[in-house]
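Included below are structure tokens for two forms of one protein chain, each presented in isolation as structure 1 and structure 2.
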Structure 1
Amino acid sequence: MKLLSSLLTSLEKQTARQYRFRGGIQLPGNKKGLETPIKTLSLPDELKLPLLDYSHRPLQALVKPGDAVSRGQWLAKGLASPATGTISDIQHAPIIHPGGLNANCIVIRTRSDAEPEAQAEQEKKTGVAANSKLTAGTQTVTPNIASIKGLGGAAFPLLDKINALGNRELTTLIINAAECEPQIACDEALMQSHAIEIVFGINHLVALTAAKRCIVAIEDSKPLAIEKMLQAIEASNLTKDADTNTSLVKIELKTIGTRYPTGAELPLIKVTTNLDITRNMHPTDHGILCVNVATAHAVGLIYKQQFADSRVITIAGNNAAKPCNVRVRFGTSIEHILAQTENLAAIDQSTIHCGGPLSGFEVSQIDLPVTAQTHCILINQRQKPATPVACIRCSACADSCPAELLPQQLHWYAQANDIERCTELNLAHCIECGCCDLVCPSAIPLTATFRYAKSQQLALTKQAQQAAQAEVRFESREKRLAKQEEARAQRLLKRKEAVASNKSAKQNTDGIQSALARAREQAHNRAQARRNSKKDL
């Protein structure tokens, strides 16, 4: 108790040194399902894995239908199999996406996992033992680190984040344990039940990135998670690294205010370090790296020679029969999750919302596969959507925007499909938090409009890139044809010169032959004259 009391006193001092970001809104917690422990759901008969990377760019499959795969085997670059089984199909199917996007998906017919067999099969296929080393940038990591996706919502691969540092020194590693959006409680449940494993992963992240400082940022509305993490951190700070026998960087726990969207990268950096990252800069330019607490837990699993192919998902909503937090494999369908958690009965009278109530979106079917980005499934009662009315120019959207944008003007230009002006107003920096939607008295769906405009912006960027590439190809073709024409002209000129040279040589040869003929004729005539003279004598 004395130890915990001293820890809480230290924590109060850290809490007093809080900073604040611009914008954001105060929201009620309304988190349920934390009373029960995290339940690991059974492996479904079928897993469906979209062949897309974190930015929805297509991936090339390394397997084909009929292939047997083992858990942990690469199916595509950065995509590992979450189960042992057989590839039954590669099909174009709908995925979880605000625009109802379809994508190529690998379908795995699963069977019970055999860990030793999976490891042996992985070594056989890759030629690399599971505990061997490989180089990532300037760091040495285990091969499976490359399969860890960010579990904070964006699914940005951990290895790409580390490599983005380049040769820069990492001054501060921030572990994002803020979960300020209402109803989402997966990270909080994870900290309550797996604090020791999380801190184990954090220690390996510190060693992996050579961070000089490590901060774990938790909202002050999570007292039990704070207590569990404090105990695990204090125990870890008193130990030594088993590999190097040296003390690790001391982990700091900092409580932050519960204000949405503190969990976004730039607001989190502001409240923990008081550093403002400008739009043309990246946190790594300042030696800062943000990693979600669930990602840190996945790192711990990897270093314990386990698989990081699942995540904790919150099941909640005002029509959920049993709110809870469950661990599921990537590729599991929403339908299987709802059935396993006894939440499938009310589906006909409900809407399914993937993601938080503000940052998420509604989906129209439940056979969609969950991915590393799916941290929450909300089951809400069907309601008639509010009817948007004309904007009254109250500026509430701009006041609440944590990215310091002008949503009102962005909405005008997005409605007019003026993507060039949207780009000038920094549309790409919109984090789609939904604050503007919540405070808008006219009920204008601003976030949905911005999502559409960003997709149009992406399409135009892609079109411009393709046009630039086509121009480069055209110029290369023109240069190639000009070079070929020049070579052809050179060959023709040489041929003409050769013909002229041959003609001149032939003329010279004819002259010599004529002279020789005349000389022979003259000699013959002289000889004939001598013979005639002798006859006359």
Structure 2
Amino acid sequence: MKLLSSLLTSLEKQTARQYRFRGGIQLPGNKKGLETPIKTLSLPDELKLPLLDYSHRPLQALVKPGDAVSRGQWLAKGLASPATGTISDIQHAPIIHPGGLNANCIVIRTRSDAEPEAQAEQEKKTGVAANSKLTAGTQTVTPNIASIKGLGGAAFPLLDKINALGNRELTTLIINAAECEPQIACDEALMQSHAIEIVFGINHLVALTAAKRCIVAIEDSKPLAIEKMLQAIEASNLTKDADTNTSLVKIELKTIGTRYPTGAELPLIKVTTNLDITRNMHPTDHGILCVNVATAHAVGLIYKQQFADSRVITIAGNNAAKPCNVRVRFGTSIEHILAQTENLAAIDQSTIHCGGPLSGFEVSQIDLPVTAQTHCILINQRQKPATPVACIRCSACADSCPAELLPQQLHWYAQANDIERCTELNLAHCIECGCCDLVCPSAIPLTATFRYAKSQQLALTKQAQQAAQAEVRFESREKRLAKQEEARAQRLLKRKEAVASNKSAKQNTDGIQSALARAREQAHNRAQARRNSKKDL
């Protein structure tokens, strides 16, 4: 008993100790709209869902225009319908994309009158499905974990993330509640108002993954969120104490220092566990999984027989009339959100930025549907970008880089299109955090150049793969043609032989015929002779 308690206190001490990651910068949080509770937007008449997966690969639609769909039904693999209604169209439409591209989108004409009915149906169902089995047609499905996307910004499917562990044991489940990027406050708002639901979700996630340890990491700049989460966690841990049947581990809360980008995967692992993940390793190799706090909340929704088809979005920026955090159904247009939150007024004099101020990008219109990736919409005053000047080799960029890269050198090779050198300098490990940009006194667009170089790197890899594939196909075709040619030659040879043997057979029959003729002649002669001798008689 004494041993156990001393172990526990040492554990607590460990979680209380502050670790630091290398690089990063201290930034003013500038988070607004946290005084007002999260508002849930009314369901728009139309939702538009891009048929794309998290990495923008196309998805195959399971429905067609005219189909009636119910909320929760699969529209495509991993894409559940966010509302009950009718598919009015599948069209090529603009999406939230840094290049302003279009994609195939499913358009749903929604029926808000069917909302209570859909919820009632869902509550009647028992059990939660933990697979991505698709149900085509008009059938509805049970609340499905496969519909949950990571809500931290990447929208990686939760189930795929868990499955990436394979048969390795999950030693530490880290709930990422750092939310380190300035201006974004959707997770903080969620923790302030929905801590109990979040902890409910975390407990289910712990059960689902059989995690041996679970740490919730929150930046120390969010005191109210910490307080609410601590209360909910303590209450949950108490019930675990009371319930001897449960094998669920207790949740730990760790307050981490406020420093950008502590919410990125590797810095987060470093500050919560003091573990350095080397470049050739993956967190799962160490039995570690990081799940965003809003994703954990979505898990809770699924286990409450509800739907994981909405998210909280931060509306902010220096031209936002009413900065706030709103819950929106996936597929809602930015225009509808801004109108409903009374932020449409200054739109003509502003730029619209999707994603955080450092990690996001500008879009050129507002009739675009939001997805699980859209955690923030910034309405900013237009401003001219600073003109870059020559590098003064101050190495501030390298000092700030959390990935321990050499941005100055990388930039030199990237702008010269020497992608091979960039690869050697570990370009692939750049997390595009933007720290180097922020500290650069010469205003050199480092991150944008790295994004460009990473695209080129990807294209080159793909090109090499395609060349290898073409080579294989070419060579197998050559072999096949050679084989065909040989078979043809063989056939020809056989036919020749057959013709030749036919000829000799003909010669043979000729022999028989002539022998017969000779025999006949002889017989004839003999008969003649006989007749002649008879005559003589």
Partner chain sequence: MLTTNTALILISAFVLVLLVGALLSRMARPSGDVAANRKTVLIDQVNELLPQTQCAQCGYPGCRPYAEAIVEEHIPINRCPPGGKNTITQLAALLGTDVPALDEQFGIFKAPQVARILEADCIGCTLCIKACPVDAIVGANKLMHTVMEDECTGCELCIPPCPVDCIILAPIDTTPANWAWPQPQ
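All residue numbers here follow the sequence of structure 1, with the first residue given the number 1. Not measured: the values here are computed from a predicted model. Take the two forms, find the largest set of C-alpha atoms that superpose within 1.5 Å, and that set is the rigid core.
Peer 1: Pick one: is 1 or 2 the form predicted together with its partner chain?
Peer 2: It is the second structure that is the form predicted together with its partner chain.
Peer 1: Following rigid core alignment, is the displacement of the Gly85 C-alpha between the two structures equal to or greater than 2 angstroms?
Peer 2: It does shift by 2 Å or more.
Peer 1: C-alpha of Gln26: shift of 2 angstroms or more between the two structures, rigid core aligned?
Peer 2: No, the C-alpha position differs by under 2 Å between the two structures.
Peer 1: Rigid core fitted, then: does Gly66 show a CA shift of 2 angstroms or greater between the two structures?
Peer 2: Gly66 C-alpha, core-superposed: shift of 2 Å or more.
Peer 1: Rigid core superposed, Gln490 Cα shift between the two structures in Å?
Peer 2: Residue shift at the C-alpha: 5.3 Å.
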